[in-house]
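In the block that follows, a single chain appears as C-alpha cells, in the form predicted alone.
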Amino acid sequence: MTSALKENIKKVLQHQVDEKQFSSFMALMEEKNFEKKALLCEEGVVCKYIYFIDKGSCYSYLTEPDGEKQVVQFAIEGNWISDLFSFFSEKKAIYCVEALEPVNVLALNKKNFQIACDTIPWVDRFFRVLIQNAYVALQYRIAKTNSEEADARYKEFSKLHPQFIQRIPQYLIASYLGIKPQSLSRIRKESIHKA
C-alpha cells in the first residue's frame, strides 16, 4: 500500500518526501477492506474518513428524489474519495461512496487528519493542492457539461480517463457525464464505427 500512496504524494507535491515523515503519516492511517457494493460513506450519516484507494474502484453519488443516482466522482487505485462536506463540517453526508469492486483503502479520520496537518510539514500543503486540483477539475466539468454536446463530453472523458472506460459500468459514466444511458450507447457505437 505504501508505494501507491508515495507515488500519489510525489505526483501532487512534485517531489519525494522524507521517509520518516512518510512513516509518521502512514501510522495515522488505517487499512480497511470493503466488499463490492459496500458503502464507505452513507448519505445522511456523518462521513468519518477520507480514503486513499490502494486496490479496487469506488464512486460517489447522491440520490435524486426519484431514486436515480447522480454520479459525482470515480476513484480507482491512486485516487482519494470521500464526502468532504461531511468530513470537514461533521454534518450528515450528502453523498454515498460505494465500492464498485472489492477495495483496499487507507482511511484517515478527522482527528488524525488534523494531527498530520499540524505535525508533518508537507501534509497540509499536500491536501491543499489535492483539494485545489479537485475543485478546479469540478469547475471544468460543470462548464463542459453545460456547454458541450454529449458526444464531445464522452470523447474528452475517454481521452482523459481511459482506465475508467474498461472498469466503470457505462450507465454510471452516463450519469457522471449528464447523458442518458441510451444516448451513451449510441455515442459509443458511432465512435466505434468512425474508428
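Not measured: the values here are computed from a predicted model. From 1 onward, residues are counted along the sequence shown.
The protein also exists as the form predicted in complex with the DNA; that form is not presented, and the subsequent description refers to it.
Trainee: Though the DNA is not shown, can you say which of 67, 162, 169, 44 has a heavy atom within 4.5 Å of it in the predicted bound form?
Mentor: Selected option: 169.
Trainee: Between the options 155, 36, 128, 32, which residue brings a heavy atom to within 4.5 Å of the DNA in the predicted bound form?
Mentor: The residue from 155, 36, 128, 32 that makes the contact is 36.
Trainee: Okay, which stretch from 50 to 58, 128 to 136, 22 to 30, 143 to 151 lines the DNA in the predicted bound form, with non-hydrogen atoms inside 4.5 Å?
Mentor: So the stretch in question is 143 to 151.
Trainee: With a cut-off of 4.5 Å between heavy atoms, is residue 188 one of the residues that contacts the DNA in the predicted bound form?
Mentor: Residue-level check for residue 188: yes, a contact with the DNA.
Trainee: Flag residue 182 as yes or no: does it have a non-hydrogen atom within 4.5 angstroms of any non-hydrogen atom of the DNA in the predicted bound form?
Mentor: Residue 182: contacts the DNA in the predicted bound form.
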